[in-house]
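Given next are two forms of a protein chain, the same chain in both, each as structure tokens and marked structure 1 or structure 2.
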Structure 1
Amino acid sequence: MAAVELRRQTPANAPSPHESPAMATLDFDTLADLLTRIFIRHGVAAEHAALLGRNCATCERDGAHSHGVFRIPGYVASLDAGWIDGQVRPVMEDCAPSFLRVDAANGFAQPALAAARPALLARVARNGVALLAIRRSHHFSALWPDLEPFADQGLVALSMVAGIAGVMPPGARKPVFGTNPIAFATPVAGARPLVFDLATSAMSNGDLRIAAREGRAIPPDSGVDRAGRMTTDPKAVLDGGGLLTFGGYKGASIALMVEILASALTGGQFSAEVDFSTHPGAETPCTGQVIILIDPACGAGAAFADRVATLIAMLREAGQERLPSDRRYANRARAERDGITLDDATHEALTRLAS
């Protein structure tokens, strides 16, 4: 089927000052239901579609627009190309007291995590630490929605996922790494969990693609063109160039760690091994994801969350105005109060994909 472009109202494509943009306002459940119907319409099992629909709606609600409805055409293209099996059931593999493996069998990572959650929580309760290794999985969303529920239950959580080769290691002639995000979540006494989710590249691929679509320059030192020259043109980066890692060699070392833990350890593909050339239009990576859970009661005991709160208070007292997840929670509260807004063109495109 033809690709459907989803556009967000931004200064680059905004109407003149004398016009009011046509916007649709949806509550969270309505948006999640719409996205769920899209996944079902394009071949995903109903229970898995509900997980994916709520995942994307969560990102949109919380202001992570590069991982919200923006991702839907890529999901649909991968499903329609036969690159992903939307009906497959993940296969659980019990391999050690604190180590659980799941073969996603070329399905989505979120259903694999959902299937493993009860056993994973039982292991961390019994052993104080547990690791989940997911392989042959497609993860096209943000990582923080995977981890925040664990922190809500009082656990410390860490996750990494490999992607599609589009990031140049320092001195390399071609991309080897994916954007290779890493996420962390911890409970905080008297507050919502502290959760961060960041790419090990200078910027995320989603933000790069949005900049290209809207005709905006990207920050200097974010990427190179196909000749290896520094560029602020996102289209040049996408057209045979590559993003750079943040912090040069330091970021590249972290990206390397992600490849090792999310792919080598899990049995998944490295970012540079992902090849969907036989599935035109597909966009999602089929690699691996690792999730590590820690019960802090085994360390600092009941004082752990209080200690984290003390550290956060120190940071704020020192002048750090915004901490990871502050903006996300503010966006969430605003969306829960006022609804989630999409421009009419995007809402209509989503409705067409669902019908």
Structure 2
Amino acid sequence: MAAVELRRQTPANAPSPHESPAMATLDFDTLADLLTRIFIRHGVAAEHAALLGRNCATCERDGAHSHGVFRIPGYVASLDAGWIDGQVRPVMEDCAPSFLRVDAANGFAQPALAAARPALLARVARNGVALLAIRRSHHFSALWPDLEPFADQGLVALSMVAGIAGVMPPGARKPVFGTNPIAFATPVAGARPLVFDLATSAMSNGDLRIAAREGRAIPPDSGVDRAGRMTTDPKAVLDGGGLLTFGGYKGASIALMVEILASALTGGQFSAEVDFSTHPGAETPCTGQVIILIDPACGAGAAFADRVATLIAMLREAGQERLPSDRRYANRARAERDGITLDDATHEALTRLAS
């Protein structure tokens, strides 16, 4: 299968004011179905493909474009290279009353979470907290779609995933960390859950690659070259250098914690242990994911969601206009009203991949 590139519109490839690209408008189910067919066509079991198709369409719908259809070529490359097993069934192990382990067995992380969800919810209902440790799993998406449904059910949720080494620890000569995202979700009385979901690198790997392709400088303090010198040249970062964590050594400690909880604790590989050399072209990291659920009724009781709402009201009253997830929910409302738009070239490329 020839590599397929789905380019998102950027300042450099945007049409001139005199031309506008032809756009396709799809409703959520149509896009999810198209993406599901791509996964099936490239070797994923139908029930897992449906989860992945909806996950990717959910990102596109909410304007989380770095993990929407932009990622499909990477999924396809990994599947076609035989790097992921799209058919394998996750294996669940009961470790302790509040601790579940799942071996994704070189499959995707999302089916592993789906398999564990009923047991995980039963554990948190019984014990007040529950931890899910997923290992040998490929996570190539955003984390918020994993967590938001738990907050919708009144739970507080945290998740972390290790990735592919491309981020330098402070003073290091080679990358050790992945972009290692961490996400948090909480119920809010009278409102949608508040969810934040952020990479612990100063910028995302996708944005770094787009800047390199377009010859744009990256912000200062985002990356270093192969000699460890600060650079704003994205090609120097990609050519033996590395990204930096956000917030200097403080962000580096959070990236370190992600490696420990998402990999050492789960039994997955560290970011620096992911080795694509036997499967050229593959892109998805095979590491681990941790999910921690807390039933807030065990703490402040029913007042919890009200207390969070009070805090959010304080933030807004103090002048914080934008809170995490505001942008996504606004995009979601727009997409539900007007549909999800893809430029024609992207829509055609996806349709070809599905057929």
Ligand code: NDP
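Here the rigid core means the biggest group of C-alpha atoms that line up within 1.5 Å when the two forms are laid on top of each other. Model, not experiment: these values are computed from the prediction. Numbering runs along the sequence of structure 1, starting at 1.
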(message) Can you tell which of the two structures I gave is the form predicted in complex with this ligand?
(response) 2
(request) Align both forms on the core first, then report whether P234 has a C-alpha shift of 2 Å or more between structures 1 and 2. (result) yes
(message) If the two forms are fitted on the core, does D225 show a Cα displacement reaching 2 angstroms between structures 1 and 2?
(response) yes
